[in-house]
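Presented as structure tokens, the chain that follows is alone, the form predicted on its own.
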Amino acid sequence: MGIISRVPVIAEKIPGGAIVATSLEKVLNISRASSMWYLLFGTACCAIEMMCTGASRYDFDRFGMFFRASPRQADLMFVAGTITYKMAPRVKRLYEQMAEPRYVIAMGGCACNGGPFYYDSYAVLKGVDLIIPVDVYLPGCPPRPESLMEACIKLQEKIMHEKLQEWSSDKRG
């Protein structure tokens, strides 16, 4: 029995007899945007604000975002705080262990561009985007939990407008 012969049966079971038509791309985008599993990579004061956002007052769970301790289960990485040259290979390795499609939010001035250490430190990376691609930049020292929630909403909006070819061909990095 083919799908065409099943359509009238499905249409009769739906109240009003309506059929909902959409594309596979939209269904995948909605499911990816509303169930992001995140990996925390916090090295400084921004990590405290990031943990605060995941706690009960701000509650990331209402966005469908759940913490994952393994990069193999995560599709979003929060890079928060100062990234040193010694730590950079570990950040890159964790990013490469994440499954496609994968996203990165750079949280705080240090992760975005080196922050106050830009000129004064030889050991600080001048932005995490030098080693991995970043989807959303969140400046601040440290940014408030409300700002992090807004950055996640911006990332969800970005995911909703993606094409399947954008992440299946691994052109992001």
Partner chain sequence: MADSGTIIRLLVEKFPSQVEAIELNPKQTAVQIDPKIVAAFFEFIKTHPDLKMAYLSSISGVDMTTNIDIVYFISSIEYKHKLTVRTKVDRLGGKIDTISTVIKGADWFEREIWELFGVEFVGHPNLTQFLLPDDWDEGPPMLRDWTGRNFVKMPEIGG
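Numbering follows the first chain given and starts at 1. All values reported here derive from a predicted model rather than from experimental measurement.
The same protein also exists as the form predicted together with its partner chain; that form is not shown, yet it is the one meant from here on.
In the predicted bound form, residue 67 stays away from its partner chain, with no heavy atom inside 4.5 Å. Interface residue remark: residue 118 is counted as part of the site for its partner chain in the predicted bound form, having a heavy atom within 4.5 Å.
Looking at residue 93, you'd find every heavy atom of it more than 4.5 angstroms from its partner chain in the predicted bound form.
When contacts are judged by a 4.5 Å heavy atom cut-off, residue 86 counts as touching its partner chain in the predicted bound form.
Stretch 121-129 is the contacting one of 48-56, 121-129, 135-143, 26-34, since its residues have non-hydrogen atoms within 4.5 Å of its partner chain in the predicted bound form.
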